[in-house]
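Only one chain comes next, encoded as structure tokens, the form predicted alone.
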């Protein structure tokens, strides 16, 4: 089982966010507070439009909260932009760049020479199952391979924190099962702190140490579920009694909210 540090890596205190809609301020997030320990994988589930992606944008520094505070270990809050890896819902691959050149895009933007960036990517490309595809283009890849490429690009930035927004949302169920097993293995290997947003409750429980259920808009934390299942987790765990009990609790709260 992975050893997690007891140190707090991310601390969210009473985060609230408004958006202007038809000239009026609409509350999207309402006093969201939770901590993430170093090396934890925390899942967030909730109905569409409840502010899950907005929260990730705030943590990443792409937008600012209107109230509350974000504290990240060793990173001043005003300097977090560019220092947290963020994989958004779409893979955002450039069709005119090869697999290898898509993978190193973030490194190039950060100022690394292309040859050095390529060598860094080649060093871990086997881990992502993309060896032999370095010179292919995104249109030749399966959905799962595209997601692995997007994840490679994210991991190459070598930040301690990864934000994942529906990373497997566009995949079929069979591929999703394989991808979440792959992500579990990858997380164990790279020792990152991860926040995962997903609509898939099985995915959240399978991968996470804790799962937060958000209410409908404005998003509030309706439930915290500690996932005390032994790691590494086998796909059969989703039909175990303990797993089904937790899933039932999450579903009941989602429907109640």
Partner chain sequence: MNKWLLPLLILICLLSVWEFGVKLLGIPVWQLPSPSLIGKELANSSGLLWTHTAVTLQEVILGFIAALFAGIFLALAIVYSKILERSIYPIIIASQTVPIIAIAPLLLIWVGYGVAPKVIVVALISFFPITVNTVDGLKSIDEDKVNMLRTLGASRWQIFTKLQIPSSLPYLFSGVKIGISISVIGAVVGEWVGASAGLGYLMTYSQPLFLTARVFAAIFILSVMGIGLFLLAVLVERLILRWHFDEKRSKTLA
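Residue numbers count along the first chain shown, from 1. Worth saying up front: this structure is predicted, and the values here are computed from it rather than measured.
Heads up, the form predicted together with the partner chain isn't pictured, but that's what we're talking about next.
(message) in the predicted complex, does residue 151 come within 4.5 Å of the partner chain, counting heavy atoms only?
(response) So residue 151 does not count as contacting the partner chain.
(request) Check whether residue 84 has any heavy atom within 4.5 Å of a heavy atom of the partner chain in the predicted complex, and answer yes or no. (result) Contact with the partner chain, yes.
(message) Under a 4.5 Å heavy atom criterion, is residue 187 part of the interface with the partner chain in the predicted complex?
(response) Contact with the partner chain, no.
(message) Please determine whether residue 88 contacts the partner chain in the predicted complex, using a 4.5 Å cut-off between heavy atoms.
(response) Result yes; residue 88 sits at the interface with the partner chain in the predicted complex.
(request) Using heavy atoms and a 4.5 Å cut-off, decide whether 207, 221 and 254 all contact the partner chain in the predicted complex. (result) No.
(message) Tell me which stretch of 124 to 132, 153 to 161, 67 to 75, 166 to 174 has a heavy atom within 4.5 angstroms of the partner chain in the predicted complex.
(response) Only one stretch qualifies here: 153 to 161.
(request) Could you run down 117 to 156 and flag each residue that has a heavy atom within 4.5 Å of the partner chain in the predicted complex? (result) Contacts from 117 to 156: 137, 139, 153.
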